[in-house]
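This document starts with one chain, in the form predicted on its own, laid out as structure tokens.
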């Protein structure tokens, strides 16, 4: 059976029938609860009894939000499917629900969110469902708005099912360019069915306090360092840092820089032409007149 992302856009694929089918499946409910608990664990929220305001991106019918409520946190849920949110309202979930496309940005006030989770939603941004959709631009809008709304030092844990390595790299590149530090934590790396990948991001530069946790192994315990270095495809932790492309050096029109202008002036002098003297203003672009 093809992946849901390849069948239809999320707001169409998750119609009334599919939304109720998804929410009433005991298997999906169990899996969703386990993944949500693991995502909350990776958020590394201090256990001080103070409720936090968390974000559930792609909240669907509120299955993952129930885990946040059980841990006495307040949460805001985003989803693009009206049918999914209708089911969440029927189930009377405790979080606030917003109908929105995460590819257009989250639209929240800066620095108000203490953490964010997402269960199997981010990979949808890698597909162009409309002619106006540009995956990299949508990822940029999403991660940029997520970075702004998080408090400094807060984490975002995004569980995803990427189709290939190119999608994973595209998502990670967009996150790093937005300012996040972090990497990928993989649970059960040697299992085909149980394998889960979590993108663990910290709002702000990486430090010793924001080091990534290790992934879980078959016995439910954290994997050893040996498990991380066997194979790139089976690593339990992949750490990345923020790298911004170097700014291009200023050049004049048609790619002619100062060195080229000086060379040409010398050539003209050698031919006997009268050439203005070289100054600090040579090859500078004139400002436009009012």
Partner chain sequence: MRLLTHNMLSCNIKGVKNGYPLRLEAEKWTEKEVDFNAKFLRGIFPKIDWPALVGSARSFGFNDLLPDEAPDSSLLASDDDLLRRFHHALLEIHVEEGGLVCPETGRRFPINKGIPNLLLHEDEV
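Residue numbers count along the first chain shown, from 1. Owing to the predicted nature of the structure, the values given are computational and were not obtained by experimental measurement.
The form predicted together with the partner chain exists for this protein as well; it is not shown, and the discussion that follows is about that form.
- Not one of 160, 165 and 187 places a heavy atom within 4.5 Å of the partner chain in the predicted bound form.
- You can rule out all but one of 193 to 201, 179 to 187, 109 to 117, 166 to 174: in the predicted bound form, only 109 to 117 has residues with a heavy atom within 4.5 Å of the partner chain.
- When the partner chain is considered in the predicted bound form, residue 99 lines it closely, a heavy atom lying within 4.5 Å.
- When contacts are judged by a 4.5 Å heavy atom cut-off, residue 51 counts as touching the partner chain in the predicted bound form.
- Taking non-hydrogen atoms only, residue 94 approaches the partner chain to within 4.5 angstroms in the predicted bound form.
- In the predicted bound form, no heavy atom of residue 121 sits within 4.5 Å of the partner chain.
- Residue 151 is the only one in 138 to 161 with at least one heavy atom within 4.5 Å of the partner chain in the predicted bound form.
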